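Take a look at this one chain, the form predicted on its own, written out in structure tokens.
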């Protein structure tokens, strides 16, 4: 492994064998010996990448893309069928809810058990025990059996153990989503402390904002294969494109011999709703618009629905940045969260998203726009950097915001 590389994943593949009609009793298995049907499922296929010392790398992909299998392989919970993984230094993994916990033991006993599994002596665990309990906020419950813990308590205890054993490499699966918002912020702050200390972090998350905020690079998996390794913004764009491709793949195929259905399928990808164009305040495509401070902003989303669709939400993300530096998320919103869900008629139409006033005084911005089923279900279509624009400010105030205000005098 090259100097300065913390984790090396070299041409790794992982196969699982799925059995069909496997006997449930010893007699059935003996009778069916050598005749049991099975198929091979390749959860990972020829995955290769390196993580530098002190680097934070995100792993993103749709459900079933191989993310958890990859992290378990890096942590040594699973052994690759082919290839090898080399880790330079100690590693601590927070892989899934309750992983490594013995339910009949107390939280106290599980801290010592997990600490010893991570290579710590009893004396070393004694030294950090109080810090683990305080971080997990479980002082009142530490002597209770963990089988009585809530999902949030599981996450707090698991994360507290993982970050306090001071590993060289920290591996985190999609478990932080279970904790409440305050504890998530606490965990992210600890992750940033690790980054400041030069620790290496491998991080799985479905939250694009988290990947943008803390990762140096991101690996995108699809069907067990790496489809890109790039900066977070580009990786998220590829990830969302791959989600749309998955939704196309899982649509039912036309019945064989059904000429009409085959003709429809041949017309290309058949997502029921597609974004055709996004404009800002009636802007001309290809010409970057300007938005005047204090004016209303209207985002016009032209879309086409191949069929009538019920329960649709419009989503948009607003970022500060022109692409030269890492963009800053200014706002993310879904119409569903605002209680606005729409039934779309078949054909071409336009959705108008209106912001009553634009209070920003300076900067370059861009919008991502999506159309999804309600409650953040299936994404029908998504446009990364659908439109970019500049702010024009004609006032004299200083600062980023221009907010209306009034001043009055009151006689004493």
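Here the structure is a predicted model, which is why all the values come from computation and not from measurement. Residue numbers count along the first chain shown, from 1.
Omitted from view is the form predicted together with a small molecule, to which the following refers.
For the three marked residues, 334, 342 and 383, no heavy atom of any sits within 4.5 Å of the small molecule in the predicted bound form. Note on contacts: among 352, 63, 357, 48, the single residue with a heavy atom within 4.5 Å of the small molecule in the predicted bound form is 63. Taking a 4.5 Å heavy atom cutoff to the small molecule in the predicted bound form, the contact residue among 298, 192, 108, 206 is 206. Just one listed stretch, out of 383 to 391, 363 to 371, 343 to 351, 39 to 47, contacts the small molecule in the predicted bound form at the 4.5 Å heavy atom level, and that stretch is 39 to 47. At the 4.5 Å threshold, heavy atoms of residue 18 reach the small molecule in the predicted bound form. At a distance threshold of 4.5 angstroms between non-hydrogen atoms, residue 317 is out of contact with the small molecule in the predicted bound form. Although the partner is absent here, residue 69 lies within 4.5 Å of the small molecule in the predicted bound form, judged by heavy atoms.
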